[in-house]
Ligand code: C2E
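Before any questions on binding or motion, here is one chain by itself as C-alpha cells, the form predicted on its own.
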C-alpha cells in the first residue's frame, strides 16, 4: 500500500483536498498579488547553446520574469549551485556541448535542493520527450518558438503547479516527525481504499504514556527526540505491512496498513528500540489495534475504535496493547448512553440515593449512629445499573462532580426530612471526589446546601479518599483545613488500601477512619490481615478518632472488631444499602430502643 515517492507526488494534485486546496490557492493568489504590487518577479533560467534561441526566449519571458542564461549544461549547473539566485523554472535544451540536457536532468534529480525546481524541455524530437519525462521533466516547448503566448502560458502553469505542490507538501507532513498530518493522512487512506478495498486492512493507534511529564522532567528538546525516534521506529517495524503513518496531537500516532498478526511482538520491538540504554529516560508506549476494518464505517471511526482499545490499557502496566472488539464496541456504546443520560437521570430522579446504616458497637446493644449515602441508578430502559458501571466512568470524564452534587443535595434533604418526621438527626456521609477538591466553589456549594435544608455542618460528613491526596496532597490539605474550620467532619475512606495512607495522617487532620474492607474480609483467614486491623485501630486510638469497619457480614467479625476496640460497624451484618423509606425502620427501632 505504500506509494512510491514519485507516484505520491503525481497523485497530490489529483486528490480532492478541498478545504486544504482552497486555503492553499487563496494563499497563493494573495502572494501573487503581493509580488506584483511590490515589483517582485520570479527568476527563470534558460539553457541553450544557440545564442539566437536564448535571445528569442529572453524577449518572450522578460516581460514577466527575471531571466538568466547558460550556454551549456555545465554552466547551468554552476549557476544553479552558486546559490546567488533562486530559480522558479528551468527551460532546458537537450542537445548541447560540454554537458547535454539529459545529464542536467540527471544531476538535478539527484540533488535534494534542485530536484524540486520544475524543468521544461525544449525539443522537437518526440522520442526525447519520453526519456525526459522519466528523468523528471514537467513539460515541453516545441521548437521553433513561434507562439509566445503559449510559451508564457505553459511557463506560468508549470510554476503555479510547482509552487502549489510545494505549499501542499509543506502542509502535508508533520515537520517534527516527517509523518503525515491529520487531514492528508485521512484523505490518503480514503484514496487507497477507493482503489484497493480488496485486501484486509488494520489500523493502529500508539500513545506515549505521561508524555507531558517526560517533557517537564527532561525538556522539550529530549521530548522531540523521542517523538522523532518513535516515528522512525514505527515506520521501520510496521513498514513491512505496507502502510502509512500519521502524528495526531502531541504524543499520539496513527497507522494504516495491510492486515497482519503479531502486534504484541511488534509493539515489544518498538518499546525496546525506543527505550534504549538510558533507563532514566524510559518511556512507555501503549497501543490499540482494530483489525480487518469494517469498510461500511467511516475511516475516522476506525481510528476512534482503535483509540478506545488503546485507552483500555492506560494505567494498566500488566499489558501495553489491546484489540478493539464487538464487546468493546458494545461497552463503548453503553458508556456513551450513560454519559448522555445523566442529565435526564438527575432531572427525573432516576438516580436514587440509598443509605447504609453505621452502628456503634461498644456497649451491650448496637446503636444507630449515622449512615453513608450510596447512589443507585434505576434506568428507564436498562433497569438497575450497578455503581461499578457508571461511577468509574464518571470519575474518568469529570461527570462525577455533577453526580456528587446531586447526591449531596438529596442526602441533605433526606436528613432534614428525617429530622422533621422523627425529631432525630442522623448524620450522613457523602463522597467528595478529587475533582470536587479542585473546585474553588466547593465550600460555597456545601454551605448553600446546608443553609437550604437548615442543617449544621456536623450533619453532612465528607468522605475523602487516598487517591485525592496522592494527586494533590497540598491542595487537599488546604481544602480539608478550611472545611474543618467551618465545622465539617472529615472521614478518610478506605484507609490502608494505598501506600500514602499513613502519610495522609501526618499532614491532614481527620475526624473518622474508615478501614479498608479487604482487611475485614481476610482477618479470619490470615494473621497478617488481623494484625493490620489491630494496627489501624491502634493508630486511631493514638489519634483519638473513631474507626468505621466496612464490609462486616457476620457475628464473628463483629466480635473480633468489638474486642479490639472498633467503634463503628457498617456492612451486611446490619443491612445492605436501602432506599430512604426502608432506612426509616432503623430510625424507628433506634427511637424505641432509646425509650426503653
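Residue numbers count along the first chain shown, from 1. Everything quoted here is computed from the prediction, not taken from an experiment.
The protein also exists as the form predicted together with this ligand; that form is not presented, and the subsequent description refers to it.
With the site C-alphas superposed, this ligand from its pose in the predicted complex keeps every atom more than 2.4 Å from the backbone and C-beta atoms of the shown form; the site is open. Looking at residue 431, you'd find a heavy atom of it within 4.5 angstroms of this ligand in the predicted complex. Although the partner is absent here, residue 550 sits close enough that one of its heavy atoms falls within 4.5 Å of this ligand in the predicted complex. For the chain shown alone, residue 437 is not a contact residue for this ligand in the predicted complex, no non-hydrogen atom being within 4.5 angstroms. In the predicted complex, none of the heavy atoms of residue 79 sits within 4.5 Å of a heavy atom of this ligand. Note that among 152-160, 231-239, 216-224, 403-411, the stretch whose heavy atoms approach this ligand to within 4.5 Å in the predicted complex is 403-411.
Residue-level contacts in the predicted complex: of 341, 372, 251, 174, one residue has a heavy atom within 4.5 Å of this ligand, and it is 372. Between this ligand and the residues 132, 308, 123, 356, the one pair within 4.5 Å by heavy atoms in the predicted complex involves 356.
Proximity of 54, 108 and 118 to this ligand in the predicted complex is absent: no residue of the three has a non-hydrogen atom within 4.5 angstroms. Residues of 566-580 placing a heavy atom within 4.5 Å of this ligand in the predicted complex, in sequence order: 570, 571, 572, 577.
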